[in-house]
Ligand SMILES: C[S@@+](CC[C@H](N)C(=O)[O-])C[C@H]1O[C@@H](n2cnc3c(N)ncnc32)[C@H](O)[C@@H]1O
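We begin with a single chain expressed as structure tokens, specifically the form predicted alone.
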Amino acid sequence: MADPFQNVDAAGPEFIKAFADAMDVRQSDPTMERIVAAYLGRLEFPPDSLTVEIGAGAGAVSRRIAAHAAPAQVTGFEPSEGFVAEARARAADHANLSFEQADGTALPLEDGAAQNVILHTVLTHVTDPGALLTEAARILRPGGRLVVGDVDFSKATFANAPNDPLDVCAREFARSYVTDAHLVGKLRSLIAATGLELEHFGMDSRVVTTPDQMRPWVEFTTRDMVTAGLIGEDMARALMAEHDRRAEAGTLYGYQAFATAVARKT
């Protein structure tokens, strides 16, 4: 199955709404709030400057950027018409934030137009991450900075024990909903190829113990496995029930390794 995040609109309105909500839930997680606050703290936001988020999705991170950067302008570019509509509806109270539909490899901006460019959980979902990074470098002004934040999906797990049956949902998500689960391991060399100077590269652990944060992983992967004939409806319901049982019992455990890279255009 191809990564549906490569063409979100083709995945349909149910997918768009579910993952727009899931992105809001994920970003409200204290660990993710700290990660975003930390990388925003490494950037500069002159009042007359522009910060660009490439692959803004439904705007969960864009809204954090705009609140931090105000009164500087923030524009989120996103190829999905459905996500752009969701993003605009959810950001009505941010006067310095706008969203436009655009391919991340061909942005409607002049060279050097942006003070900062941010790609948050984008590169793991594209076939040519180097093309997006090259475009990011093009629109950065000298002295401007690039931030890339992404999940090492190859390390994601739900396992509480060896051969934990719920962990199949984490592995199936990485297989079917991610283009390159090992992108983080290549990130430094990809940035170096753009000519930008790497200033920071670090990893954070994100532990998920609350019910809503990764439930879409279980819901969508079990549905897809039923459609593919890999499991039956009874097994799908059992996996959903096990996720919910662990959440209620306080034993739910999910793990992600999150990378942050910051680079400067000299």
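Quick note: we count residues from 1 along the sequence shown, nothing fancier. Since this is a predicted model, take the numbers as computed values, not measurements.
Separately, the form predicted together with the named molecule exists; it is not shown, and the next lines address it.
Quiz prompt | Whether Ile54, Pro79 and Thr121 all lie within 4.5 angstroms of the named molecule in the model of the complex by heavy atom | solution = Yes, each of Ile54, Pro79 and Thr121 comes within 4.5 Å of the named molecule in the model of the complex.
Quiz prompt | Interface stretch in the model of the complex with the named molecule - options 68 to 76, 126 to 134, 158 to 166, 91 to 99, non-hydrogen atom within 4.5 Å | solution = Of the options, only 126 to 134 has residues within 4.5 Å of the partner.
Quiz item: Closest heavy atom of Arg26 to the named molecule in the model of the complex, within 4.5 Å or not?
Solution: Looking in the model of the complex, residue contacts with the named molecule include Arg26, since a heavy atom lies within 4.5 Å.
Quiz item: Asp180: heavy atom within 4.5 Å of the named molecule in the model of the complex?
Solution: No, Asp180 sits far enough from the named molecule in the model of the complex that none of its heavy atoms falls within 4.5 Å.
Quiz item: How about Leu50: is it within 4.5 Å of the named molecule in the model of the complex, going by heavy atoms?
Solution: Outside the cut-off, so no.
Exercise. Determine whether any heavy atom of Val262 comes within 4.5 Å of a heavy atom of the named molecule in the model of the complex, and answer yes or no.
Key: Heavy-atom contact with the named molecule at 4.5 Å: absent for Val262.
Quiz item: So which of Ala60, Val218, Val208, Ile35 gets a non-hydrogen atom within 4.5 Å of the named molecule in the model of the complex?
Solution: Flagged contact: Ala60.
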